[in-house]
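Structure 1 and structure 2 below are the same protein chain in two forms, each given by itself as structure tokens.
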Structure 1
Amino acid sequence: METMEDMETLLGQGRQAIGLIFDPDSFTENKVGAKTFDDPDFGPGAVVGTAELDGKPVTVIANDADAFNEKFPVVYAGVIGMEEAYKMAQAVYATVAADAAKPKAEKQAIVLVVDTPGNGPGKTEEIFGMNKATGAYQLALAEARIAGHPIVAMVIGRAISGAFLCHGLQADQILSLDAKFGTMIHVMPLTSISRIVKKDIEVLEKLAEGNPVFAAGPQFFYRLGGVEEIVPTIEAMRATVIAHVAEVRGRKANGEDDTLGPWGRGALGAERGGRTVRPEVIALLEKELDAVASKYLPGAA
């Protein structure tokens, strides 16, 4: 058996990553709260279930790069198809429902193990609306996060564009294995961007040193606030996820929700110097609204 020290990458190994992050042998697949997922052919690219993390139950949502969805042939290698996205949404809603009566501090955490190259890019997907499936999962995660469930995403492989928006970017905090383990976070690789924006790749690489907004890789997302912390080794993953679940729970208990999720990443992006214009624009917009708001209130002429 491969030991952790031998592993150079977890890319394509979502199930193995579950074994490394959560308490040994604690993962029960296909059961979340009162919900069971009984059809093995339903959304096989999505792995959902409940595990224990440091002795506490957590909902696990991961990708299975080895699965192939026979019904939707564009879904393989970790692609999130329509069934996969709705299955992931069901796991989130089941988590929310199970804890509906619990106080905020006791809401079960959700850990997203992220390794996905994209959403289903097929004709059937467009006819029936792949956009709804991925949107549904994001709304479910946002609802759970706002309700108080700590959500931590751990990028172990690919976190690409729309699939990362779907599975990752609605979390409270996002962690990523260091790029040396083959992790990829991007909209497009720099070679494609180079073609589209018509700039030599060498020029772009040079520019990326000073400006992280277009280059591919977790280190650039870190500078933009898009990744909270880079995890330096595979061994460190488990302790880092445990620490961040606790950190998120603590911040929520202190009413610091504004430092978490997509909005919190905005502030972090400014703090790290990667996205400094965003807060200025938002503040200016609010100021300009304030100046005229009375004209638009009920009863105004």
Structure 2
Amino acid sequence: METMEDMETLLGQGRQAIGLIFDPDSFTENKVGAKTFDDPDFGPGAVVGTAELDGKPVTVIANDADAFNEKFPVVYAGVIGMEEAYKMAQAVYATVAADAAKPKAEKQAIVLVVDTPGNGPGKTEEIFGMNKATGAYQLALAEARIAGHPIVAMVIGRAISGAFLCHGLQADQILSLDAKFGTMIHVMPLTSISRIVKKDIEVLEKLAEGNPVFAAGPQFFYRLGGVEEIVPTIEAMRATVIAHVAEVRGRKANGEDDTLGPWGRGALGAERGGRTVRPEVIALLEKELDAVASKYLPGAA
């Protein structure tokens, strides 16, 4: 039997990762709060449910790379399609609803197990509103985070493009397995950037050698503040996720919400030398806003 020490990658193995991260045999699929997902054909690429992490219940949202959505042929290999995004959003809102009356310290954590090569932008999905589905999932996570739910994303494989925007970047903190396990993080491949910015691919490849904005991989995203911690071994995932859920909960209890989520990652990236211009741009924008605020914002001095 293959052990964690023998495993070379978790690419395409979201379900296996659930068994490695959470308490043994504690995962109940398709049940979150009062919500039961009883249609097996709806969003089959999305794995949602409730598990225990160090004895405490958590909501789990992951990808199933072995699933294929027959209604949308572009949804396979972990792609987050329109149904998958809505299913994931429903799991988040079910968590929020279940804990609506609880104080922040008791809000159930949400753990995202991330391994997705992107969204499913087929013609049908674009017509029906793929952007609305992914936007709904992003909004759900943002609302849960603001409501006090600790949200930690664990990248076990691919975290790419718009799918990572909705399934990861709204988390309080993002963790990633080391690049030696095949993990890949980037918002857009260089070939696409080349077409958009009208630069030769060779120029971008040169920039990607040292500039974290153009480079791909968890180590570069770490410099940008996007990854809070790189997990060195598969075996260490569980303890690391437990620790960061506790850390996030503690920061929220202390009113340190600005150190978490997208805003916190920006500040962390500046500290690590990956986003050095960001503070200057923010200061300039705030200065310009202050100059005109009295004209447009009611009550502004």
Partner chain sequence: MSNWSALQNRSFLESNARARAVGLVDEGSFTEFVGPFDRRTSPHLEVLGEAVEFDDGIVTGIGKIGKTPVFMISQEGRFIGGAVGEVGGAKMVGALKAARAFAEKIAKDFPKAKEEEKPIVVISFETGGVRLHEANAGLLAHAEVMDQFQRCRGIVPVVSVIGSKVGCFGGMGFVAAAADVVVMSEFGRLGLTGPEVIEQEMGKEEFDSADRGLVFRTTGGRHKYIMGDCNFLVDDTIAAFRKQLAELGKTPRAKFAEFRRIGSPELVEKQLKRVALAAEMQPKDARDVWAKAGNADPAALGNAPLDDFRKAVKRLTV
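Take the two forms, superpose them, and find the largest set of C-alpha atoms that agree within 1.5 Å; that set is the rigid core. Start at 1 and count along the sequence of structure 1; that gives the residue numbers used here. Everything quoted here is computed from the prediction, not taken from an experiment.
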Structure 1 or 2: which one is the form predicted in complex with the partner chain? 1
Is K199 one of the residues whose C-alpha moves 2 Å or more between the two structures after the core fit? yes
Per-residue C-alpha deviation between the two structures [A291; rigid core superposition; Å]: 3.1
